[in-house]
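Just the one chain here, the form predicted on its own, laid out as structure tokens.
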């Protein structure tokens, strides 16, 4: 892997995607690649400010429509200031979540908003990752992990297990919709076993 490439990790809260994104970025860096490890919401100063609004507070703090607008605003800033410049410089971008999360969280589980999600994405983002790795984990296990982190960014975990189950179904449906880009990885294994699959897909 020597050319610019945009890789994203997706999955329900607590699935282990952040760990795998960090491992992949470290591995590629050690192999001599120029890598940008970033995340959503966040990844640029403006987007990080919006992150704190979205991921903290009560579950009813925002409607699904308001969340959609805030996530998209953060993503646009992230794209302008971090992702596009890195790709233009020939770097590899490893991103912990991207637009697929909005398709699932706001488009499929927080309201029937998928049409609005796609319309807004086309209008102001217009970019998809080259490869998306979806870490698939038992929602009950993932929720326990997410809450155990006690990160203070637990707003979506606080929606409970039924919400996480809907999220998992949404990500599986997304992988079926975009089979060329999205790949499911069994996350119910050791981090080492998961990373073997991550590395195989990311470097093929």
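Residue numbers count along the first chain shown, from 1. Please read these numbers as outputs of a predicted model, since none were measured by experiment.
There is also a form predicted in complex with adenosine-5'-diphosphate; it is not shown, and the following applies to it.
**Q** Quick one: in the model of the complex, does every one of 38, 129 and 133 get a heavy atom within 4.5 Å of adenosine-5'-diphosphate?
**A** Spot residues vs adenosine-5'-diphosphate: no contact at all.
**Q** At the 4.5 Å heavy atom threshold, is residue 189 in contact with adenosine-5'-diphosphate in the model of the complex?
**A** Contact with adenosine-5'-diphosphate, yes.
**Q** Counting only non-hydrogen atoms and a 4.5 angstroms cut-off, does residue 27 reach adenosine-5'-diphosphate in the model of the complex?
**A** Close contact is absent here: in the model of the complex, residue 27 is far from adenosine-5'-diphosphate, nothing within 4.5 Å, heavy atoms only.
**Q** Looking in the model of the complex, any heavy atom of residue 166 within 4.5 Å of adenosine-5'-diphosphate?
**A** Looking in the model of the complex, residue contacts with adenosine-5'-diphosphate do not include residue 166, since no heavy atom lies within 4.5 Å.
**Q** Residue 185 versus adenosine-5'-diphosphate, in the model of the complex: is there a non-hydrogen atom within 4.5 Å?
**A** It does not: once adenosine-5'-diphosphate is placed as it appears in the model of the complex, residue 185 has no heavy atom within 4.5 Å of it.
**Q** Judged by heavy atom distances of 4.5 Å or less, which residues of 12-31 approach adenosine-5'-diphosphate in the model of the complex?
**A** The stretch 12-31, when checked against adenosine-5'-diphosphate in the model of the complex, contributes 12, 13, 14, 15, 16, 17, 18, 19 at the 4.5 Å heavy-atom cut-off.
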